[in-house]
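Before any questions on binding or motion, here is one chain by itself as structure tokens, the form predicted alone.
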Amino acid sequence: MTATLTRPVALPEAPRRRRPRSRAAAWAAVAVIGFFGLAPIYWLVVTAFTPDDQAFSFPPALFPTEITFDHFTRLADNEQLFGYLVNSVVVSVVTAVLSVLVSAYMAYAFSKFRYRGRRSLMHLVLASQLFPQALLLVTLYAVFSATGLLGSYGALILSFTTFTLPLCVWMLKGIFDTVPSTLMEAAAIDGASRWRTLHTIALPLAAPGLVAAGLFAFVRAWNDFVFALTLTDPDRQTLPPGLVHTYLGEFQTAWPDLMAASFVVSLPVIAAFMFLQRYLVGGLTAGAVKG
């Protein structure tokens, strides 16, 4: 008789428990990062509702003892700020729409078509993000001055669209990559043209990505300061430079009024993020995994 040798069965390792110290350190890091992110917002809101005599007191009070709405009342009576608001809405909305339109066609061409030089063009679009945008300010100023666009809405819209296109193109390309090519082939068999396939199949499926790209372009145009200050006339400037001209003086700065105006200006962006949150999350994550 021959004895058979049996290998010992390896028992599964028990899951390691996280140490309380590491968990506490992680929560401490989150608390510190959250403090640095939320403290400026808290101070903005507090200053906006604090009376002038308390806002400039030293040491400053973390919790105001008195609340006032005078800064918001003066804000509503300022017609010049309403003009800046209209300029911001026009520039931001047109920039978002134009960025989505152009980037959608570019991304679809990069994703679904195969042609010579495709990868080189994709890398060229991505490489354009490597240059600081401030370096292009002098060049854009000279170009718009020569073409007669300097001081107009068109100068800002074309500049912002140029800056937002690379990221929008790559974001939408990742989303179009997840659209099965079999849907396109089935539409072609049914007699649909490429133009109709794009508008009836690809674009509806990429709707979350379109919303995310449009929101990114809108916020980029809404928050810009340097280009809005340099490329437009004073009567066509947007809110960031408009607030600086209104409340920041050579000898005095109206901080409570500036904080109140900044609080009101941030509300449209906050509302857009809250309303389009599910589309934004879906658009940013749809291209992460290929189907």
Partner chain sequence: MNTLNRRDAFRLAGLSALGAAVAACAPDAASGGGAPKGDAAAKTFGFTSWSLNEEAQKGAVQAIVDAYAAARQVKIETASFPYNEYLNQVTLKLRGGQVGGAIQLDISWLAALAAVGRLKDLGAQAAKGGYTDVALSSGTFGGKQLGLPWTTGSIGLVANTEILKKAGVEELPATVEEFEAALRAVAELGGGITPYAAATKAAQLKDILPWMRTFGSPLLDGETITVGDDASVAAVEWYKKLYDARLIAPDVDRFDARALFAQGKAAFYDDAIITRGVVAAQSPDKSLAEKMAPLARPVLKSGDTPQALLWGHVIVVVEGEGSDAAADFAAYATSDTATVAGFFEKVKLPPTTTAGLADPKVAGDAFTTAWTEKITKTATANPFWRYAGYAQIETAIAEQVQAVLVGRASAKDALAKAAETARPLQK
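Positions refer to the first chain, counted from 1. Remember, predicted model here, so these are calculated numbers, not experimental data.
There is another form of the same protein, the form predicted together with its partner chain; it is not shown, and what comes next is about it.
All of 58, 225 and 245 with a heavy atom within 4.5 Å of its partner chain in the model of the complex: Every residue of the candidate spot has a heavy atom within 4.5 Å of its partner chain in the model of the complex.
Heavy atom of residue 181 within 4.5 Å of its partner chain in the model of the complex: The answer is no: residue 181 has no heavy atom within 4.5 Å of its partner chain.
Partner proximity in the model of the complex: residue 133 to its partner chain, non-hydrogen atom cutoff 4.5 Å: It does not: once its partner chain is placed as it appears in the model of the complex, residue 133 has no heavy atom within 4.5 Å of it.
Exercise: residue 230 in contact with its partner chain in the model of the complex, heavy atom 4.5 Å: Result yes; residue 230 sits at the interface with its partner chain in the model of the complex.
Non-hydrogen atom contact residue 152 with its partner chain in the model of the complex at 4.5 angstroms: Looking in the model of the complex, residue contacts with its partner chain include residue 152, since a heavy atom lies within 4.5 Å.
Contact assignment for its partner chain in the model of the complex, among 129, 147, 120, 73, heavy atom within 4.5 Å: So the residue touching its partner chain in the model of the complex, by this definition, is 147.
Partner-contacting position among 167, 158, 143, 85 - heavy atom within 4.5 Å of its partner chain in the model of the complex: Checking each option against its partner chain in the model of the complex, the one that comes within 4.5 Å is 158.
Candidate stretches 63-71, 230-238, 42-50, 261-269, one within 4.5 Å of its partner chain in the model of the complex by heavy atom: The contacting stretch is 230-238.
In the model of the complex, residues of 73-104 near its partner chain [heavy atom within 4.5 Å]: Counting only heavy atoms within 4.5 Å of its partner chain in the model of the complex, the contacting residues of 73-104 are 80, 84, 94, 97, 98, 101.
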